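A lone chain, given as structure tokens: the form predicted on its own.
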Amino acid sequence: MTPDRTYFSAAWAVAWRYLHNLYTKPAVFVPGLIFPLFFLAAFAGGLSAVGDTPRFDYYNFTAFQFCFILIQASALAGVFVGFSIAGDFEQGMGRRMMLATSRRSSILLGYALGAALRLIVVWVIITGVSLLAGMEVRATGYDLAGMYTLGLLSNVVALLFSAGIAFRFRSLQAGPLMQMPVFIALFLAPVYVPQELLTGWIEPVARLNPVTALLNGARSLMAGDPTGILLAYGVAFGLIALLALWALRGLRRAEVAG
């Protein structure tokens, strides 16, 4: 077997193991699905009157909230993969995976592939529930592809951030360090109203928050009027480049630690 085939075979083995453990243990999979559905019900349902305010100019409040739920669910799926990485190392499986492959970056790639495949199920469920809740879709097929791609990139960003922490601590006790920064970044973006309606201290914070660019891009694509797409993709790929170094350096520390 050639080195490249060995590398990708190792990555697929890690991805398969992650997905097998995920879908055979409901306690692992269900929380990552319950969170976005809860927020969808709370925001799109309980706060639907916000869409009737005079300056709220987005075409459909459920669609407005769906875009946030999409980004949030995608990012949280990446965080939960970080939990799996930490758990594997805590139980000794991480060390065995490192012994099984000479190019340890295939381990990180495998987890990333598993996270991406997990997203398909999450997206299908939250999209179906949103449509049943009355979400109107104005996006074309290309717009939808761009929107879900932003969701995938959000997943990669959160996964690399969480993986960097998991590789360094190699313990589930580091879970809050993975989850809280992602939650804070998500909820310091324009969650309930468009960015133009934010006031007070949250307005400059949201303007500087990279999640805002992703949300605004996703919402414009859903509305069929793409704006700020280059900024959204630029922010996403910039974060991925920086956090890939963070995750790979964490992997190197795990390797040195044995």
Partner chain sequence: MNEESNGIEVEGLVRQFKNGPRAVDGISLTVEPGEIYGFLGPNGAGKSTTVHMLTTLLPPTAGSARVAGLDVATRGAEVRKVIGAALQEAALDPNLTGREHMKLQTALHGLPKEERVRRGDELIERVGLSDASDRRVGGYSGGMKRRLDLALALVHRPRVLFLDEPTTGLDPQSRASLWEEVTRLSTRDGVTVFLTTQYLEEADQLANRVGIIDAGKIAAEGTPAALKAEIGRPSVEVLPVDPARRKEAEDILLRFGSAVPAAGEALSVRLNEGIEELAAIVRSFDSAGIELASLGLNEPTLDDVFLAKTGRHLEGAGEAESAEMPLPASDPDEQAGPA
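Numbering follows the first chain given and starts at 1. Because the structure is predicted, anything quoted here is derived from the model rather than measured.
This next part talks about the form predicted together with its partner chain, which is not shown.
Partner proximity in the predicted bound form: Leu248 to its partner chain, non-hydrogen atom cutoff 4.5 Å: No - in the predicted bound form, heavy atoms of Leu248 and its partner chain never come within 4.5 Å of each other.
Taking heavy atoms and a 4.5 Å cut-off, does Val122 contact its partner chain in the predicted bound form? Val122 lies outside the contact set for its partner chain.
Taking its partner chain as it sits in the predicted bound form, is Gly92 near enough to touch it, meaning that at least one heavy atom pair lies within 4.5 angstroms? Yes, contact at 4.5 Å.
Answer with yes or no whether Arg170 is in contact with its partner chain in the predicted bound form, where contact means some heavy atom within 4.5 Å. It does not: once its partner chain is placed as it appears in the predicted bound form, Arg170 has no heavy atom within 4.5 Å of it.
Can you pick the one in Gln179, Thr127, Thr101, Ser84 that has a heavy atom within 4.5 Å of its partner chain in the predicted bound form? Flagged contact: Thr101.
Checking a candidate spot here: are Arg55, Ala223 and Val235 all in contact with its partner chain in the predicted bound form (at least one heavy atom each within 4.5 Å)? The answer is no; none of Arg55, Ala223 and Val235 reaches its partner chain.
Sort through 181-189, 139-147, 155-163, 93-101 and report the only stretch with a non-hydrogen atom within 4.5 Å of its partner chain in the predicted bound form. Looking at the other structure, the answer is 93-101.
Heavy atoms within 4.5 Å of its partner chain in the predicted bound form is the criterion; list the residues of 8-27 that meet it. Contacts from 8-27: Ser9, Ala10, Ala13, Val14, Trp16, Arg17, His20, Asn21, Thr24, Lys25.
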